[in-house]
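What follows is a single chain, given as structure tokens, in the form predicted alone.
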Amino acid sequence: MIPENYKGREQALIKHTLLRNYLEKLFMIIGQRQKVICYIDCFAGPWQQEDEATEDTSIAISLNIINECKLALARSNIHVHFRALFVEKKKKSFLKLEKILENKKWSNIEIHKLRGDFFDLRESICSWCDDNSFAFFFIDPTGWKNVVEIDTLRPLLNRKNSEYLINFMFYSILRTHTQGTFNRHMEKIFGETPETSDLSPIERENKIISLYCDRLKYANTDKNDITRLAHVKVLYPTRDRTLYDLVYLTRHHVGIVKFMEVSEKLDIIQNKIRAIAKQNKMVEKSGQTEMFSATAVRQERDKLLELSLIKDYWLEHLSVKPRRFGLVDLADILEETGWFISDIQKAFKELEDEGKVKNYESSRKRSKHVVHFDANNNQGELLGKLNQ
């Protein structure tokens, strides 16, 4: 069931689910080695506060997770100082923000707030973060101008020991990227004005997001400070169309693996939420339930096609001379392709059943996790292609 306070804005439920699940993983891992963790919400809002308890805002979600992780770490005798900064421009939203932050249950978190425009406050935001602390930047605007441009984000991206989750407003940019009046803005985002007139809708979408991700990944001015990137699509609740992409940046391969683990679970949740939203819309419109889903059939067909591509990828990257595939290799695959880990495992399993590949460190065929990428101190297991 879709919570009542998320009906009509199901995409927010998907986004908040990702934020909640990933922050929990992140803080519990980073807390093992970092004494100070900073969380920065650059567009805090709240904008659409339906729930009087404020639990459906990113503000409450993040602070609840911080509180839970702080207590969980303390039970293991690990004491982390959490700091949180919330930035908001609109006066009405800022007043709501102040009221939310007064809640006593977050009194053990160092909380700060800034009122003003993100673009103007970038240096202040960076200065607020202690140089020795870890920082997570949540950049979730309602628009895209003076937000997602590479030069706009560069002061934040240049900060070491940081991670980022950026809402790339894909559909808004898709509608404007061919309009001449926006050429200057497009060049700031993509380094060029994307030419997509001869492309299919899927090709157009792939080109736009790929252009942006490539520029974002290499925006850091320190060329020795390597950034890794992944993204997840958030679709319209009742239309088979991307609304926005949540783009994630990290400097560690484990971050990519953990983010994609969360993204895979989110994909299942998103499919369920969208199925319910579509069903509700159809019932509201016609009074009848849907007996057959063409979308489900298309998704299944696309899944089979993708699995075939993953099998080809395995065969291309394996040789008859076995080599280890560890967490770094898994992160490389995830970053390059955007595939889910379970599908990578499933493809290897099918090839193994077909007698085309072998895991030389598995004494028996495994049914699910056929490759242990984290084995041997994250160096992985010996995999090879069999002679045909």
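Note that residue numbering follows the sequence shown and begins at 1. None of these values were measured; they are calculated from a predicted model.
The same protein also exists as the form predicted in complex with a small molecule; that form is not shown, yet it is the one meant from here on.
*Asks:* Would you point out which of 81-89, 182-190, 98-106, 274-282 contains residues with a non-hydrogen atom within 4.5 Å of the small molecule in the predicted complex?
*Replies:* Looking at the partner contacts, the answer comes out as 81-89.
*Asks:* Hey, in the predicted complex, does D140 get a heavy atom within 4.5 angstroms of the small molecule?
*Replies:* Yes, D140 sits close enough to the small molecule in the predicted complex that at least one of its heavy atoms falls within 4.5 Å.
*Asks:* Consider L330 of the chain shown here, and say whether it contacts the small molecule in the predicted complex, taking contact as heavy atoms within 4.5 Å.
*Replies:* Result no; L330 lies far from the small molecule in the predicted complex.
*Asks:* So, F43 and the small molecule: in the predicted complex, are they within 4.5 Å at any heavy atom pair?
*Replies:* Yes, F43 lies within 4.5 Å of the small molecule in the predicted complex.
*Asks:* Would you please decide whether F170 lies within 4.5 angstroms of the small molecule in the predicted complex, comparing each non-hydrogen atom pair?
*Replies:* No - in the predicted complex, heavy atoms of F170 and the small molecule never come within 4.5 Å of each other.
*Asks:* Just one of F118, Y164, Y212, W314 has a heavy atom within 4.5 angstroms of the small molecule in the predicted complex, so which one?
*Replies:* After the contact test, the surviving option is F118.
*Asks:* Here the chain is shown alone; which of H372, H16, K25, R366 has a heavy atom within 4.5 Å of the small molecule in the predicted complex?
*Replies:* It is H16 that has a heavy atom within 4.5 Å of the partner.
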